[in-house]
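In the form predicted on its own, a lone chain appears below as structure tokens.
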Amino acid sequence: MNIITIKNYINGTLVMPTSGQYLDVYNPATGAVYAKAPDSDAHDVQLATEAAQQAFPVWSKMSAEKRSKLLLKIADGITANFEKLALAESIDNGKPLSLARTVDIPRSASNFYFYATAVMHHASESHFMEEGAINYTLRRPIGVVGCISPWNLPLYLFTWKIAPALAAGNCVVAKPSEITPMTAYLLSEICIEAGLPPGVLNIVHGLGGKVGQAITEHPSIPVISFTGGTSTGAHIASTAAPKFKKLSLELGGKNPAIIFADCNYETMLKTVARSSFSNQGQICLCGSRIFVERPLYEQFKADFVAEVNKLTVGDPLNEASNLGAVVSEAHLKKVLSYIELAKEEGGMILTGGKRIQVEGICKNGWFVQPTVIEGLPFDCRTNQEEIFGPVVSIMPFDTEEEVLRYANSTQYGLASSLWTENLSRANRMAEEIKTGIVWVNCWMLRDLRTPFGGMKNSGVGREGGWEAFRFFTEPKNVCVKYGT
């Protein structure tokens, strides 16, 4: 098999890392190396930052209409390369090809389409004063922005940061995950084809401790947008905060799904199964703690286990596969260790709980059965710590007050789902659940105009819609006195 060599994208061209060193990139479904990614360091980040600084004066003063047209070309390029990108995402990440086709790549194109058009309608505020003055707010791009994205939704979340930053007039130094770098590399080729001016977007591949750290501490990168684990987010904050950098941190989750007996049962059952195990549970929005009102609990348990047992774990390129491989061998070991911990904490495995060996080309891949556990206390480690894999717990509750205590008990507060036909209860509960997103009778229904982010240790700030433009611009109040 030919090993693909990925390159950095700096100052409009594809270049080798200055060190000449490369990292192995694995196909999770086979456990084999299939690509080499640059093992970049601070020297590459410096080159990228200099290119971005050089490009910023022209890009920031370019009309919104011209920037919009260039970003629309990138969106069109993603759409034109749809199948190539979907296949690359599946191979790189281990997710089913069907998921990459229906979620990852369409959303990546949508991110560029949305912000390319939204910037044409971005307006600032003005305030009249009786003293004969008017105040207006100028929002200007800040400069060079650092964007660091995770491995679970590689192109989806990469574009989620880059698109609004570029649309607002900033230049970007971006680092994709070293575990899943392929679609970011393909995006750099699309940007060259679209005619994006050199230096406007720079993509530096490599390890977090080298590239991510260099971006975070660079004195000429005043803005950091990061999505990833809470511990890494804390480290980034400890580096960036003393330098007074602007920070957006979208971090971990331990999301509750709360099911009342009056819910629309069939819709709930299928959606909760999907929300538990999509992308092998490797989405920060997946529901990993399922709380069921006691009169419905036994029926739900039986039907949910039966629904989960219908899921096929297998080769991600097989259309019949519902779940693919987890992203790495290290992550496989982490997920399996939490299943063992759950047993030690008194949990009963209702289904799953083991590694799967898939026949054929995927026999050495990193596959885990979708796992359902009951009998755990709400405050045990399994129910408090982020596993980020195909593992969920279920438990009954009796009252709203009780389930709110369970739901709000973790350090996280990213997302939740609530299932009830009682409108008063839905609004009452939504107000009290401490998460940045509350889905009522649905999951992953996303409007790009709405703010996205979490409470507590799930992050700082909000992304999406106008919130992204606010983050990637600096507001300035101008007060003009015109009379006496």
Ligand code: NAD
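Given the structure is predicted, the values throughout are model-derived calculations rather than measurements. All residue numbers refer to positions in the sequence shown, first residue = 1.
Omitted from view is the form predicted together with this ligand, to which the following refers.
Query raised in the report: Since exactly one of Pro370, Pro181, Gly169, Gly252 fits, which has a heavy atom within 4.5 Å of this ligand in the model of the complex?
Result: Exactly one residue meets the criterion: Gly252.
Query - Heavy atom within 4.5 Å of this ligand in the model of the complex - the one residue of Ser278, Ser177, Ser248, Ser393 that qualifies - result: In short, Ser177.
Report task. Select, from the options 113 to 121, 299 to 307, 126 to 134, 202 to 210, the stretch whose residues sit within 4.5 angstroms of this ligand in the model of the complex by heavy atom distance. Result -> After filtering at 4.5 Å, what remains is 202 to 210.
Query raised in the report: Taking 4.5 angstroms as the cut-off for heavy atoms, does Thr216 touch this ligand in the model of the complex?
Result: Looking in the model of the complex, residue contacts with this ligand include Thr216, since a heavy atom lies within 4.5 Å.
Query raised in the report: Quick one: does Tyr26 come within 4.5 Å of this ligand in the model of the complex, counting heavy atoms only?
Result: Outside the cut-off, so no.
Query raised in the report: Is Ala109 a contact residue for this ligand in the model of the complex, using a 4.5 Å heavy atom cut-off?
Result: No, Ala109 is distant from the partner.
Report task. Indicate whether this ligand has at least one heavy atom within 4.5 Å of a heavy atom of Phe452 in the model of the complex. Result -> Phe452: contacts this ligand in the model of the complex.
Query raised in the report: Any chance Ser149, Asn152 and Leu414 all have a heavy atom within 4.5 Å of this ligand in the model of the complex?
Result: Every listed residue reaches this ligand in the model of the complex, so yes.
Query raised in the report: What residues of 263 to 280, in sequence order, lie within 4.5 Å of this ligand in the model of the complex by heavy atom?
Result: Residues within 4.5 Å: none.
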